[in-house]
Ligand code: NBP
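Have a look below at one chain only, the form predicted on its own, in C-alpha cells format.
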C-alpha cells in the first residue's frame, strides 16, 4: 500500500454498519466504545419514518466518533480498505437487496458481514455469490439482545475463511468476556456454519425458556407458592449448578410490580410469540435425521399457547380434578431443581448432537468445545455448566452424546430419581409438563438397548415392502417377507430421508 493510500485509509472508518434498529444501534456504540471508528447508514424504506441516522448521530452517538451517512455511496467511500460492512437488517430478501446495492460500490477483497438471524442455507448461497464476485462474506450469529449488543455479545462468525483475520480484532473486542477473560467469539467454520450454530443456540433457548416455565408452573400449581417465594427459589438456584442468565431474570420477573403495585407477570397473557429460529432448528434436525424432541416440544408449546380460546373451550369440556395431595415443599422444590437441571442438560445434549451431525454432513469440522465456550457469556443461554460441556467435548475421547461423558453420566445418575418423581407427580395432578417429560423419555430411549422399532419396520415391510434388517444377520443386509402369502418378491428398496 502506498504512503498516500495508507494515510487516506487511516482517516477513514474501521468498519461500517447498516441498520440502526435496536441491535445495530447498540453494536455501533459498542464498537465506538472500544476505540473503533464507525460509519453508519440506515436503509430508507418507503412508508417508514425517515431521519433515523440523524437522530442517532445527534442523540446517543453524539459524543462518539460515529459518522452518519444518508447516502450509501458516501457510506461505502468512508470506509478503510479492505472495507468491512456489517449488515443488521431483517433476514431474508432485505439482505439480498442490500447486497445488490453494495456490490457495485465494493472493491475486490471487501467483506460483508450479516449479523442478523439468517437461515444458514441463505448464508451458504451468499458466501458463494460474494466470493464469485471477488468479495468475502461472513455470516455471523449474534446473541445477547440489546444489553449484549451494547456491552458484549456472544458472536458466532463463519463463511469466507480469509476474512477472519480482518474482522477478528473488531468482533472479539465487542464480544462478551467469559469469567476467564476469553472473548465469547471465535471462528466457527465455512459457509453458513456460523448461522447454523446460532440457530441451534436459539433452539436451545426455546427449550430453556419452556423448561423454566414448566418449573415455575409446577411450583405455582402443585405447591401453591406465591411470586415472592418462587423468586427466592430461582434466585437461590442461580447460585447453584443452574446459574444462568434465564434463571437470573426469572427471579427478577417474578418480583416485578407494575405501576399499580401488582405483579406484572400475573397480568401477562399466556400466549408466547416466536420469530422462526426455533422452528428452523427442528426442521433442520429432521432433515439430518437427528432427534431434537425437547426443542421441538418447546416450539409446539409456543404454538399451542397462542390457541387461547381453544384451550378455554377444552377446559370447560373436561373438568379435570386436581388430586389436592399435600406435598413436602422442600423435597418437591429440590426435585423440581434436579428435573430442571437434567432436562436442560438433555436439551443441550440434543443440540450439540445436531451440531456434530451437521459438521459431519457438511464437512464443517465444528469445534464443539469452542462453541460451548463461546456461549459462556453474552448470549441468552449462558449457563455455568457450559464450562463442563466445553471440558467434555475437549476430552481426547469425545463422547458420542453429551450425557455419556464421564462427568454428565454421574450428574444424571444423581438427579434421575427426582426427575422421575417430578414427571410422575405432574401427570398424577394433571399439570402439563411436556418438555420435562420429553427430556426424560429421550433419556429412556437413549439408554434402551432395544426399542419397538422392529414392529414399525415389520409394519412398513408388510404394507409397503420396505424391507428390514435381521438381528441374526450383518447390518446393511435387507430382507423382505411375503407376510400374507399373496405378495410377490418385489421390494420397494430401503432408504432414509
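Numbering follows the first chain given and starts at 1. Note that the structure is a prediction, hence the values are computed from the model and not measured.
Not pictured, yet referred to below: the form predicted together with the named molecule.
Which residue, 378, 159, 203, 115, has a heavy atom that falls within 4.5 Å of the named molecule in the predicted bound form?
-> Among 378, 159, 203, 115, a heavy atom within 4.5 Å of the named molecule in the predicted bound form occurs only for 115.
Listed residue (145, 183, 190, 291) with a non-hydrogen atom within 4.5 angstroms of the named molecule in the predicted bound form | Spelling it out, the residue with a heavy atom inside the cut-off is 145.
Within a 4.5 Å heavy atom cut-off, is residue 94 in contact with the named molecule in the predicted bound form?
-> Heavy-atom contact with the named molecule at 4.5 Å: present for residue 94.
For residue 13, is any heavy atom within 4.5 Å of the named molecule in the predicted bound form, or not?
-> No, no contact at 4.5 Å.
Heavy atom of residue 52 within 4.5 Å of the named molecule in the predicted bound form = The answer is yes: residue 52 has a heavy atom within 4.5 Å of the named molecule.
Would you check, heavy atoms only and a 4.5 Å threshold, whether residue 89 touches the named molecule in the predicted bound form?
-> Judged by the heavy-atom cut-off of 4.5 Å, residue 89 is in contact with the named molecule in the predicted bound form.
So which stretch, 258-266, 225-233, 307-315, 97-105, is the one near the named molecule in the predicted bound form (non-hydrogen atoms, 4.5 Å)?
-> Every other range fails; the passing one is 97-105.
Output the sequence-ordered list of residues from 19-34 with at least one heavy atom within 4.5 Å of the named molecule in the predicted bound form.
-> Stretch hits, in order: 19, 20, 21, 22, 23, 24.
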